[in-house]
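One chain is shown next in structure tokens, namely the form predicted on its own.
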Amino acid sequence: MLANPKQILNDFKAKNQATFAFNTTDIVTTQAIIEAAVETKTDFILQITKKTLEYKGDVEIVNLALNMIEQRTPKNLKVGLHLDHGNDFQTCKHAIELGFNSIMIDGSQLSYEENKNLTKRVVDYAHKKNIPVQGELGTVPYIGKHVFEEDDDSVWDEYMTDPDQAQEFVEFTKIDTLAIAIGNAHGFQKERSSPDWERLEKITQKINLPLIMHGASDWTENKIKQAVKRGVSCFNIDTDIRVAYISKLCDLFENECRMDDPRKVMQLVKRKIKEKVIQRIKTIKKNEA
């Protein structure tokens, strides 16, 4: 059932556990994610980015997601619908109007003061609608936008979340969750050779909010375990899903697929995505055992 993402994350945080936020781009991906969550009995967050809203038609994909959550999930399984990487006030406002019950305002590409003020403006508006807000402090790099020639802590320092600044940011903006940067990276961007665990511990000591880890598609079971131990409540997964989607299509075409029914093709794609989502969920379940 559709549930408040803030409550979902607070529940995991209270148990010193974590869940995933999975990105979807279409009906096949949404079906696969939901089926995997139902099969594993896992509360989670379904995410849609601004780019996907523009690509698929915002009303159509949001209504699809809401209908599938309502129709395909049992009442004892909690699912949130979250806007991922909204980067301006109007996008966040529109997302709330569309039916998202959680939004992210990503001001990480702005100066600290600009980020802080924009985030507060979004929070002030969203909280009047009882919608929780995720902010981001520090920068989780993207390939093509950020280049690291060597694994040098001094290079990474300017991108990672400052613990003292995080405390001020949270107190000023009143956000509900915080996306952090400790050497993690989006997509295929090179990450820091090891996450800055000491920095994460300091952030956890200074703020009492669920912490969100973006760029977690390639994180190993041990890294996830270490992050949860130090206070991370949610890991965002997008690249893993897109790679599973595209690689399965490529496999079918490379093997001279002769299917004359696209439904059969997409059923195989859905199965591949579902397997990947279940695999990621199991990395969390193992840590709960």
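What you see is a predicted model, and the numbers here were worked out from it, not measured in a lab. Residue numbers here begin at 1 and follow the sequence given.
The form predicted together with a small molecule is left out here; the points below concern that form.
Enquirer: Can you tell me whether Asp58 touches the small molecule? I mean in the predicted complex, with a 4.5 angstroms heavy atom cut-off.
Expert: The answer is no: Asp58 has no heavy atom within 4.5 Å of the small molecule.
Enquirer: How about Asp238: is it within 4.5 Å of the small molecule in the predicted complex, going by heavy atoms?
Expert: Flag for Asp238 set to yes.
Enquirer: Would you check, heavy atoms only and a 4.5 Å threshold, whether Thr173 touches the small molecule in the predicted complex?
Expert: Because no heavy atom of Thr173 falls inside 4.5 Å of the small molecule in the predicted complex, the answer is no.
Enquirer: Quick one: does Arg199 come within 4.5 Å of the small molecule in the predicted complex, counting heavy atoms only?
Expert: Outside the cut-off, so no.
Enquirer: Is it the case in the predicted complex that Gln47, Asp84 and Ala185 each bring at least one heavy atom within 4.5 Å of the small molecule?
Expert: Yes, each of Gln47, Asp84 and Ala185 comes within 4.5 Å of the small molecule in the predicted complex.
Enquirer: Between Ser217, Asn101, Thr73, Thr91, only one gets a heavy atom within 4.5 angstroms of the small molecule in the predicted complex; which residue is that?
Expert: Of the candidates Ser217, Asn101, Thr73, Thr91, Ser217 is the one lying within 4.5 Å of the small molecule in the predicted complex.
Enquirer: Using a 4.5 Å heavy atom cut-off, which stretch among 246-254, 27-35, 59-67, 229-237 contacts the small molecule in the predicted complex?
Expert: Answer to the contact question: 229-237.
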